[in-house]
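Below, in structure tokens: the form predicted on its own, a single chain.
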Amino acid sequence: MPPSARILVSAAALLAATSSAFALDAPAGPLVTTDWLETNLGDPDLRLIEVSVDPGTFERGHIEGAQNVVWHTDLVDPVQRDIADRESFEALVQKLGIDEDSTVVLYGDNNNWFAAWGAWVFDTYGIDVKLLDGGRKKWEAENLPLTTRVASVAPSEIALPERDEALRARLADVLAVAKGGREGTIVDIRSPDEYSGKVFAPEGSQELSIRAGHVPGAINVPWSTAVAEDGTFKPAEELKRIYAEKGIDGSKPTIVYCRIGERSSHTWFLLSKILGYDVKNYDGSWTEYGNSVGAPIVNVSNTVWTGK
């Protein structure tokens, strides 16, 4: 081999080794820590996305390199009560610069409620994402830096498949389990007061049902049961024990619901991604079920809607 050829081969080998050494070393599991994220900020393969519920949260300050996704416009169909269709979601993902080699990390406020909902929507279109364990709460508690600079990324040309409806429960699926026509477990992740029918919805909520209570046979495990004081998920073995004590061990298909589908996404994420159970998210949740004609409910508090 001529000396010039040997130089070219050596240079190519060095470039390959250098690229490998600096490739994003993403954790194998569904979560990333604040330490890992801080270390890997700026990596070209990282796509960091904030999905927060409170308007202006992102604009007031966000993690360096993060892009903003607005749950009530970017992730939903503006005409139907539905999640975004394939064409709209594909355009969003392309704008975010996500491709097949990207490591996508989502985080947000409110203990990652809507970040988890975003993770569920991404998953329905075949994009596996990770959550920042503890979300904004933990990042801010550790006094890690925020910025108001908006990240600029080159758009991608990724093509998405049609939505995977297997990750989603519909009203008919919930009724089939509730009425005993199909095997399964239904998990109500709302507060005990919502579950019992004492309140129709959390204070200040605008999305309401004219009936209070829960789906017959649903097991109440509030979403917060799974969360540590710092906003992170409790260890997997502890989560497995907590849910097993409630009769939820992954042996049956599971449906989770809340009021509009965001809190239940948090439980969907831990049961499906952390524990590996077969779980569907019922995003219609109580605002659909509680308003549906002919849908049976349990209301131990005997509350009656008076129009106020």
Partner chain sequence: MSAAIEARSRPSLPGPARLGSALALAILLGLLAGGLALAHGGFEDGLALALAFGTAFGLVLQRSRFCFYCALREWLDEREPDGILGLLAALASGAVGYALVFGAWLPDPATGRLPPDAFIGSLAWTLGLGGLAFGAGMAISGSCLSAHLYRLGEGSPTAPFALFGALIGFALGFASWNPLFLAFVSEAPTVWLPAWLGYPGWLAATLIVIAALAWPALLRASPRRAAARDRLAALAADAGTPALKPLRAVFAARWPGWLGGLFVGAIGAFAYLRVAPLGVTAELSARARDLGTAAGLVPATLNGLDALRGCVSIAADMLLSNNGVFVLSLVAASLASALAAGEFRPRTPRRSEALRGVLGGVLLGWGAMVALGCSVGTLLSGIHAGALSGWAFGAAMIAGIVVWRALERLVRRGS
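Residue numbers count along the first chain shown, from 1. Just so you know, these numbers come straight off a predicted model, no measurement behind them.
Below, we turn to the form predicted in complex with the partner chain, even though it does not appear here.
Query raised in the report: So which of 59 to 67, 37 to 45, 235 to 243, 278 to 286 is the stretch with heavy atoms within 4.5 Å of the partner chain in the predicted bound form?
Result: Heavy atoms within 4.5 Å of the partner chain in the predicted bound form occur in 59 to 67.
Report task. Find out whether any non-hydrogen atom of residue 150 is located within 4.5 angstroms of the partner chain in the predicted bound form, and reply yes or no. Result -> So residue 150 counts as contacting the partner chain.
Query raised in the report: At the 4.5 Å heavy atom threshold, is residue 73 in contact with the partner chain in the predicted bound form?
Result: The answer is yes: residue 73 has a heavy atom within 4.5 Å of the partner chain.
Query - Proximity of residue 29 to the partner chain in the predicted bound form, heavy atoms at 4.5 Å - result: Residue 29: no, not in contact with the partner chain in the predicted bound form.
**Report entry** is_contact(residue 55, the partner chain) in the predicted bound form, heavy atom dist at most 4.5 Å
**Finding:** So residue 55 counts as contacting the partner chain.
Query raised in the report: Out of 190 to 207, which residues reach within 4.5 Å of the partner chain in the predicted bound form, heavy atoms considered?
Result: Result: 206 alone.
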